[in-house]
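Next up: a single chain in structure tokens, the form predicted on its own.
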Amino acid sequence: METQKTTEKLSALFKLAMGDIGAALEKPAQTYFGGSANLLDDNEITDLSLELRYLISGLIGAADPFSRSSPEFRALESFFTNLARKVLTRGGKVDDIVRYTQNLQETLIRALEQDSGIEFTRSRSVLHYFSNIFIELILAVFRAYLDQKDETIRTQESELRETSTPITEIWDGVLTLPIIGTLDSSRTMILMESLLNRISIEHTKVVVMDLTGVNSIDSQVSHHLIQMVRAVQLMGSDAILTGIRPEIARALTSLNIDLGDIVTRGSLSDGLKAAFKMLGIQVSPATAH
């Protein structure tokens, strides 16, 4: 009951001191996001503080100012989530967003004290109310930070997959896939998915897969590799394996992997010659004039 009365008084006070409180709320934003930080310009800071002032006023004056599921609290939480995303995207640090949020709480209480002449810092109910609100807002900031971090990791993984599968159209109807590094089951499946998509899009007739850069191969990967070759054939394309080094050849032999009907060549250049031959393309040195 005491806290309920406190919020009612705060709501009334907030409405009377809206202008002064709005000006006070700009200071923490300038400290952490403006000036040398250069994360938000003056207009953005003014708009941010204005929106924040109305959101806090709306929460305090809500039918249930203590509910974390109320539309007013959700709106305030969403504000901090979006602010965190914007600042982080522009190169800001999560530490500064948290410090801004903490400073905001102190600034808000001081602004209310100044306008009312009441020492809210001595009121347990006021401190408890604002503390609960801002703890939740700090958690919203951290959730936004973790979400962006996860998104960054996913983007980096996607870029890494693309750069680790350099599928190139070397000629009209001819794709090359140089496989470099350790070939495990997970990477083999990614290679297969990327390759089959390219075959479908570009109507590829011949795929040359070069294994020169493969360090090692196990039984499961060997079977995935053969499955990839079979999948290429099912797509209506011919597959050529090149660069099978002695240790890889021994491994495939010891694993009883049947390469009987698969075209193999010692080097990528020989594989390309075989691909051109399949397509009836003759490549010859240019005649010097």
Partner chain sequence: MQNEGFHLTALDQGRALFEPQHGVDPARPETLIVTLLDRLRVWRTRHLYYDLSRVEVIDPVYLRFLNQFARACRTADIRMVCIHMQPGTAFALAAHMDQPPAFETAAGID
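On a predicted model such as this, the values are computed, not experimentally measured, just so you know. Residue numbers count along the first chain shown, from 1. Rigid core (definition): largest C-alpha set, two forms, superposition within 1.5 Å.
Not on display, but discussed next: the form predicted in complex with the partner chain.
Novice: Just one stretch in 38-46, 24-32, 55-63, 234-242 has heavy atoms within 4.5 Å of the partner chain in the model of the complex, so which one is it?
Specialist: Result for this chain: 234-242.
Novice: Has each of Ile217, Gln220 and Arg250 got a heavy atom lying within 4.5 angstroms of the partner chain in the model of the complex?
Specialist: Checked in the model of the complex: no contact with the partner chain for any of the three.
Novice: Against the partner chain in the model of the complex, would Thr168 count as a contact residue? Criterion: heavy atoms within 4.5 Å.
Specialist: Thr168 lies outside the contact set for the partner chain.
Novice: Is there a heavy atom of Met192 lying 4.5 Å or less from a heavy atom of the partner chain in the model of the complex?
Specialist: Answer yes; at least one heavy atom of Met192 falls within 4.5 Å of the partner chain in the model of the complex.
Novice: Does the partner chain come within 4.5 Å of any heavy atom of Arg230 in the model of the complex?
Specialist: Answer yes; at least one heavy atom of Arg230 falls within 4.5 Å of the partner chain in the model of the complex.
Novice: Closest heavy atom of Ile180 to the partner chain in the model of the complex, within 4.5 Å or not?
Specialist: No.
Novice: If you check Val98, Ile109, Ala75, Leu196 against the partner chain in the model of the complex, which one has a heavy atom within 4.5 Å?
Specialist: Looking at Val98, Ile109, Ala75, Leu196 one by one, just Leu196 meets the 4.5 Å heavy-atom criterion.
Novice: Within 4.5 Å of the partner chain in the model of the complex, heavy atoms considered, which of Thr152, Ser200, Thr89, Asn82?
Specialist: Result of the distance check: Ser200.
Novice: Relative to the superposed rigid core, does Ile226 relocate between the shown form and the other one - that is, does its Cα move 2 Å or more?
Specialist: Result for Ile226: yes, a 2 Å-plus shift.
Novice: Does Met189 show a Cα shift reaching 2 Å between the shown form and the other one after rigid-core superposition?
Specialist: Yes; that C-alpha moves by at least 2 Å between the shown form and the other one.
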